[in-house]
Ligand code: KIV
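This document opens with one chain alone, in structure tokens, the form predicted alone.
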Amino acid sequence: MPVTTHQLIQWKQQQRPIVALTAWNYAIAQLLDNAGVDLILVGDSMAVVLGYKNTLPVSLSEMIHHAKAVRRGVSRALIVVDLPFLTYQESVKQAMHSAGRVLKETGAQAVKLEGGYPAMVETVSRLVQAGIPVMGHLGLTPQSIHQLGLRQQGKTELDAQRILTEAIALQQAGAFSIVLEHIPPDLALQITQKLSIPTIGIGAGKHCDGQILVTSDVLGLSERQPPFAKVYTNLRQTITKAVEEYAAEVREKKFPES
């Protein structure tokens, strides 16, 4: 049976950890789904595989294009799509248009927005009222890279209280889940205990209700790994070796054999 947003909330209540990864194309999405991943995020972290230096250049059209491919490869996992930079921050109307396009054109079940300041909470509330499921994202928010950098967030008492307050506000606005990125584990634990909706951690310790990583990091495809990622295999090395062997056989006229 396909995973739903309501099921994620039930899993939190049952203390059943949620497994999440990112996908950017049909082949990867199909592999993740077949492996039993619960939630697949079509994240603007695809900037890495598109050759961008950060997430800011990613467009809504690019997100929709890749989300369509992911949708075609998935039969079970819940699919959430990031709304990219400046496709939802200007106004509720803009956010509604962007989120509506994503759901209508891709078949995904939800969108994800960064930030929890009052205007964003209002946006989340309005989207949810319109029937659009929304996942929040607090802590290190990559679309704010020029403002926050890539530093761990929530280290001071003031910042920690702000993130906790924003998390509660997002839940009250109707968000079905919140990604907590690169914050201290004790803060993630506090937020997770306060909320009735699941927290999905990335670099936020083991106390969240689920975990997510960028799949290219997990597979060893990224040039630079974030400090909180774990590499489970080294596909850069594997692919390079395979291509070098192929190239050598072609040049030596060993392939094809006849």
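The numbering used is simple: start at 1 and walk along the sequence shown. These figures come from a predicted structure and were not determined experimentally.
We do not show the form predicted in complex with this ligand, though everything after this point is about it.
When contacts are judged by a 4.5 Å heavy atom cut-off, Asp44 counts as touching this ligand in the predicted complex. In the predicted complex, at least one heavy atom of Ile202 sits within 4.5 Å of this ligand. This ligand in the predicted complex comes within 4.5 Å of no heavy atom belonging to Ile64.
This ligand in the predicted complex is not approached by Glu166, whose heavy atoms all lie more than 4.5 angstroms from it. The partner is not drawn, yet in the predicted complex one stretch among 125 to 133, 149 to 157, 175 to 183, 96 to 104 has residues with heavy atoms inside 4.5 Å of this ligand: 175 to 183. With the partner omitted from this view, the residue of Val70, Ile212, Ile191, Leu32 that lies near this ligand in the predicted complex is Ile212 [heavy atom within 4.5 Å].
For the stretch 78 to 112, the set of residues having any non-hydrogen atom within 4.5 angstroms of this ligand in the predicted complex comprises Asp82, Lys112, in sequence order.
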